[in-house]
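In C-alpha cells, the next block holds one chain alone, the form predicted alone.
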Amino acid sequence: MSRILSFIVALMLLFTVFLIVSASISPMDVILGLVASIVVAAFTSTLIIREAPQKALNVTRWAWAVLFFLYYILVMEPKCHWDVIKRILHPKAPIKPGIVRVPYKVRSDYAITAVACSITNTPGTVVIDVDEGEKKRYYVHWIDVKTMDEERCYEMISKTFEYYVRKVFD
C-alpha cells in the first residue's frame, strides 16, 4: 500500500511540476506531461518518497511551504541582496569573509537539504559542507563573519529557515 501511495504522490508532484514548468494546459502538453510523469514516477517513486507518503498530501505542510516561499522571496532575498550591494558599492568594501560552523536541528534529508539550499541561495552565504555525523553542522562561507560562536551563527544564519522547513518536512 505504501508503495502505491508513494507512486500516486510522486505522480501528482511530477505532473504538477511539469504543468508549472511547461506553462501550458493544451491537450497535447497535458497528455505528454501525464505520460512522462507516469513513467518517471514508476521508476523513481520509492526514491523520491521514501517514508510516510501521506505527509506529501498534508495541506498544512503545503501552506507552510507557500508561506516559506513567500517569506524567502519577498523578505530574505531582497534584504540579503541589498546588504551585498551595499558592500560592493561601499568604497572600503566592508567584508570579513570566513567559514563558520552552523549547527542544524532538522531531521529529514529533505529538511537538511532545503535549509542548506536556502542558505546558499541567500547572497552572502554559501554552505560548503554538511556534517551529518553526531555534531550535525553546516560549514558556511559567510561574507561578513560577525561571530564564531556556533549558536549565534545558528540564530543569525539558519534559525528562520529551519523554523519554516521543519513545518514542511519534519
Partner chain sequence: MRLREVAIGIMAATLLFAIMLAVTLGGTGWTPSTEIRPLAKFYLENCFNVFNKDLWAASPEAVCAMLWDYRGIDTYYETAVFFLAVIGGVAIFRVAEIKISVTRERQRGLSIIVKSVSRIVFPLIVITSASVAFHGHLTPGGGFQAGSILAIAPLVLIAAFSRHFIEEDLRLTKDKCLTLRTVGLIAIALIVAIPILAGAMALMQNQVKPWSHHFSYPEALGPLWLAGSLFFYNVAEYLTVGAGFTLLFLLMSIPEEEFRRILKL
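In this text, the rigid core denotes the largest set of C-alpha atoms whose superposition between the two forms falls within 1.5 Å. Positions refer to the first chain, counted from 1. It should be emphasised that the depicted structure is a prediction, and the values quoted were computed from it without experimental measurement.
Below, we refer to the form predicted together with the partner chain, which is not included among the displayed structures.
Residue-level contacts in the predicted complex: of 101, 141, 55, 50, one residue has a heavy atom within 4.5 Å of the partner chain, and it is 50.
By the criterion of a heavy atom within 4.5 Å, residue 69 is excluded from the residues contacting the partner chain in the predicted complex. Proximity of residue 110 to the partner chain in the predicted complex: non-hydrogen atoms within 4.5 Å are present. By the criterion of a heavy atom within 4.5 Å, residue 22 is counted among the residues contacting the partner chain in the predicted complex. In the predicted complex, the partner chain sits within 4.5 Å of a heavy atom belonging to residue 37. The three residues 13, 18 and 127 all sit with a heavy atom within 4.5 Å of the partner chain in the predicted complex. Taking the partner chain as it sits in the predicted complex, the stretch 17 to 32 comes within 4.5 angstroms of it through a non-hydrogen atom at 17, 18, 21, 22, 27, 28, 29, 31, 32. Fitting the two forms on the rigid core leaves the C-alpha of residue 161 displaced by under 2 angstroms between the shown form and the other one.
Core-superposed comparison between the shown form and the other one: the C-alpha position of residue 37 differs by no less than 2 Å.
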